[in-house]
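Given next, in structure tokens, is a single chain: the form predicted on its own.
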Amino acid sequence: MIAIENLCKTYDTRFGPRTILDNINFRLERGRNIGILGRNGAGKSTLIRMLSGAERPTSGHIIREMSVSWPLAFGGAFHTHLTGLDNLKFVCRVYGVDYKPLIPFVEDFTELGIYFREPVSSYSMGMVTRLAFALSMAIEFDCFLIDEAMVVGDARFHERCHVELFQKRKDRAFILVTHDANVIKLYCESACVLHKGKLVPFASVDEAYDFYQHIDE
């Protein structure tokens, strides 16, 4: 189970404090999934970073009773002076996993070729994202955090991501945040809408979709 209780996030700006997330709550059980819809700037990525532990809330609590991934395809924590292989070793040490059996999968999935053993500072953004997604799949988690920024690369790579995440790991929990309602309808069994700092739950994905479509009309 993963749950957030009375979660708030406020940033200081030159115009004063700005509250992005205002006393939100939700709970996700093992093996279930939820989609969170929100316009650009609604706080979706902020919420995902806090769920992963990369950012702390201003107030409230996050309860994690299952292993939770970092945001999929997030490469911001890479050591850019290290190679892709060295970053794989580092991540595996953090999670207590033997990196050696994972090398063939990561090499094949990323299709980085010789660049797998070159510094990440020489990678394009697409190459960094491929490496980040591959490492996310190499380390097994109970719950995956999926940011809409995951959708990168050509159609073939996109399909490989779909197979690894939504087919091979369909028994895992996941939280998907996006501004694309069609993605939520395709992958999620329940949905909320993040609007004006509040997380609004709905009984069905269709109800969430209808509400989202009429925001700011």
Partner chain sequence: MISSQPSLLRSIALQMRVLHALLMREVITRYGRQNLGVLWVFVEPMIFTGGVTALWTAVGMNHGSSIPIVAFAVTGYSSVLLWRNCAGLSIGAIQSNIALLHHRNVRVIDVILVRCVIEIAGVAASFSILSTLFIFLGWMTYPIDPLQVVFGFLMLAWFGTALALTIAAATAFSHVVEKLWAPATYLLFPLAGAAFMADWLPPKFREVVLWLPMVHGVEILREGFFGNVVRTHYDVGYMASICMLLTLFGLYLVREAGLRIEAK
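What you see is a predicted model, and the numbers here were worked out from it, not measured in a lab. Positions refer to the first chain, counted from 1.
Separately, the form predicted in complex with its partner chain exists; it is not shown, and the next lines address it.
- Partner contact region in the predicted complex: 50-58, out of 184-192, 34-42, 170-178, 50-58, criterion any non-hydrogen atom within 4.5 Å of its partner chain.
- Within this chain, residue 96 lines the site of its partner chain in the predicted complex, having a heavy atom no more than 4.5 Å away.
- Put simply, residue 11 is close to its partner chain in the predicted complex: some heavy atom of it is within 4.5 Å.
- When its partner chain is considered in the predicted complex, residue 86 lines it closely, a heavy atom lying within 4.5 Å.
- For the chain shown alone, residue 28 is not a contact residue for its partner chain in the predicted complex, no non-hydrogen atom being within 4.5 angstroms.
- Contact with its partner chain in the predicted complex, defined as a heavy atom within 4.5 Å, holds for exactly one of 102, 91, 128, 137, namely 91.
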